[in-house]
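Only one chain comes next, encoded as structure tokens, the form predicted on its own.
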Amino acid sequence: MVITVTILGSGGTIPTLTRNLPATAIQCDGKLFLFDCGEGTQTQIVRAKLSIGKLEGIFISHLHGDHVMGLPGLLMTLSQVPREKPLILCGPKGLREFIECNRRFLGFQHSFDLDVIETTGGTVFDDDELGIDCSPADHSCFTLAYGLRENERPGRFLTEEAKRLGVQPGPLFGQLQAGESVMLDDGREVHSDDVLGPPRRGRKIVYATDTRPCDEVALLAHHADVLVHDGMFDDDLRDQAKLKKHSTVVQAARLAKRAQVKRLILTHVSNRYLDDRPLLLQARSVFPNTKMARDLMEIDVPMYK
């Protein structure tokens, strides 16, 4: 499975010519998941060449305007294109009322089912390949952080071991790789466990914006491959970050180090920073594998071998 993270909007509160308002997309082969939907997200989806027809769900962190004002327009667009499969719409309490009010005043209908989930945490999506979990963050209103996780994958197929056991290449190989047992001509049974290596761990991407560093996010992000985290202020503005319930880039880097993540992407950058290189240097002094988010930045998340 190919997993790609696309930053659609890397700014916060006020859009600029280089930073749109918050939105991050994660592509998992033929599935698309959207996290937050700030104003201008639709245009960014087009620029990123993403297909809204593949959209499985939209996951809203909280109901501040810079994170949700793109949502009514996107739902209106979805109501104008052929779609039969349901759309998951997840977020904190109040999301359903926000959608219903916009639908009523803007006068749009949708032919597909809209599965609205209001939650305070837990698993909000799960299928054979992927799950999405959420937990409370620490902001000025109730806010959720989300973690997309790939389920554990079977181990690699040990071709030479299968041959040694007398399994001939062909359909039997496929059955064993699929986790089935096979019966050989001599009456012996070979189990998939006999010819598969140890299970391979799945990947994990965590999205946590508009938050102070907190235990809940650190736990959700534990061993994440990619952590997209609030980095609104440089570390000289620690007091302002505390007052406004955001993180400095150094605080985000410390959390990434504590959670033992692989990569940190700092997002929700204040419009005051025309040059974010000093912020990046501050963060890298604590957690070297850090990048500043850029609009339309793509992050490929390689599989574990």
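Small disclaimer: the values here were computed from a predicted structure and weren't measured. Residue indices: 1-based, along the sequence shown.
This next part talks about the form predicted in complex with another copy of the chain, which is not shown.
Here is the short version: of 168, 119, 151, 77, the single residue with a heavy atom within 4.5 Å of another copy of the chain in the model of the complex is 77. Put simply, of 115, 215, 97, 194 only one has a heavy atom within 4.5 Å of another copy of the chain in the model of the complex, and it is 97. Heavy atoms within 4.5 Å of another copy of the chain in the model of the complex map, among the stretches 275 to 283, 235 to 243, 258 to 266, 35 to 43, onto 35 to 43 alone.
Mapping the unseen interface onto this chain, residue 21 counts among the residues with a heavy atom inside 4.5 Å of another copy of the chain in the model of the complex. Residue contact with another copy of the chain in the model of the complex: residue 54 places no heavy atom within 4.5 Å of it. Among heavy atoms of residue 30, none comes within 4.5 Å of another copy of the chain in the model of the complex. Taking non-hydrogen atoms only, residue 135 never approaches another copy of the chain to within 4.5 angstroms in the model of the complex. With respect to another copy of the chain in the model of the complex, the three residues 13, 47 and 63 uniformly fall within 4.5 angstroms at the level of their nearest heavy atom. Residues from 60 to 76 that approach another copy of the chain in the model of the complex with a non-hydrogen atom closer than or equal to 4.5 Å are 63, 64, 65, 68, 69, 70, 72, 73, 76, in the order they occur in the chain.
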